[in-house]
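As a starting point, one isolated chain is supplied in structure tokens, in the form predicted on its own.
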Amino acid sequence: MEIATYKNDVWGREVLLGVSWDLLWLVCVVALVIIAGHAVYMATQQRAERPSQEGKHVQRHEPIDRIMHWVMAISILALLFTGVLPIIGIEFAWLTLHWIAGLVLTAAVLFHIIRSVLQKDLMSVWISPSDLKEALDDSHKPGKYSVAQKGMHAAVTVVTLLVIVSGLFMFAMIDTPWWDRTNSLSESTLGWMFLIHGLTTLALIALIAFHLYFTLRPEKLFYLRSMIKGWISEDELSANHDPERWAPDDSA
């Protein structure tokens, strides 16, 4: 199975066309196999008693962070649906919806980066050597974010930035309300942009599949609630986090 596809340019030279979309089915199958394997493994493990959501609440996510999370989530899903559905044969007027979703995602990511640098603790999402102990020692509880959550954040950050940068190059090649399409990019450069955009799209599909699976697992649903309502209970905090590494100040 090829990773990339090629074409001949006007001079008969072979140039890169973009990603081979045969990989889409491979990515879907591999992601489903990994998810199914993890689900089977977890079913064989002894279930611990889940912490109560009753009692005092502590704030995990501020309202602005929850809003931006859902704006980015919706825009990424819109990008995937409008970008992938035509590839699998579902035809509709997708292009305008696609670039609008791309601009919304770009603006949301820029806002998130600026807010994170100016107002947030970047070390809370940085993977440190001590975080790696979580995989080896169940008693070693994480701070605000587990090593798995930090790893997912890092992977989504890198992939999303590559999607945005390559998408902006491709955006210049279409007619918009602000400019007419340009042919300033060479076919070779455009081919690389399509390849990067395609590969990162496939990576996003896998990452979102994993993210949805772990988000919807019964023992992790309180994290989903915290992204909707903003809070977790003190019992959930003590059961899943080390208060010396993360001690929320505000109650929710």
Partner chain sequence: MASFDVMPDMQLYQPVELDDALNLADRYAADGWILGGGQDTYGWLKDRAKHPQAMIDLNGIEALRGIRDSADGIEIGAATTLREIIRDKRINRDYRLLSDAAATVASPQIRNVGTLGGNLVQDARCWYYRRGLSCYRAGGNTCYADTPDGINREHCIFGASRCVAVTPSDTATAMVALEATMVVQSVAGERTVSAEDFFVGPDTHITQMTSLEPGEILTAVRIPAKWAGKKFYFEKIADRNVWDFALVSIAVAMSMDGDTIGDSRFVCGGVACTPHRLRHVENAARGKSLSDESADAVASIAADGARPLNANQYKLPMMENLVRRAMRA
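Predicted model only: the values in this text are computed from it and were never measured. Positions refer to the first chain, counted from 1.
One more form of this protein exists, namely the form predicted in complex with its partner chain; it is left out here, but the text below deals with it.
**Student:** Can you pick out, from Ser128, Thr176, Gln119, Ser124, the residue that has a heavy atom within 4.5 Å of its partner chain in the model of the complex?
**Tutor:** None of the others qualify; the residue that does is Thr176.
**Student:** Indicate whether Leu168 is a 4.5 Å heavy atom neighbour of its partner chain in the model of the complex.
**Tutor:** Residue-level check for Leu168: no, no contact with its partner chain.
**Student:** Could you tell me if Trp94 has a non-hydrogen atom within 4.5 Å of its partner chain in the model of the complex?
**Tutor:** Yes, Trp94 is a contact residue.
**Student:** I'd like to know whether Thr215 contacts its partner chain in the model of the complex, with contact meaning heavy atoms within 4.5 angstroms.
**Tutor:** Contact check for Thr215: no, nothing within 4.5 Å of its partner chain in the model of the complex.
**Student:** Give a yes/no on whether Leu190 approaches its partner chain to within 4.5 Å in the model of the complex, heavy atoms considered.
**Tutor:** Yes, Leu190 sits close enough to its partner chain in the model of the complex that at least one of its heavy atoms falls within 4.5 Å.
**Student:** Any idea which of 43 to 51, 180 to 188, 201 to 209, 59 to 67 reaches within 4.5 Å of its partner chain in the model of the complex, heavy atoms considered?
**Tutor:** In short, 180 to 188.
**Student:** At 4.5 angstroms, heavy atoms only, are Asp9, Leu17 and Phe194 all close to its partner chain in the model of the complex?
**Tutor:** Contact check passed for all of Asp9, Leu17 and Phe194.
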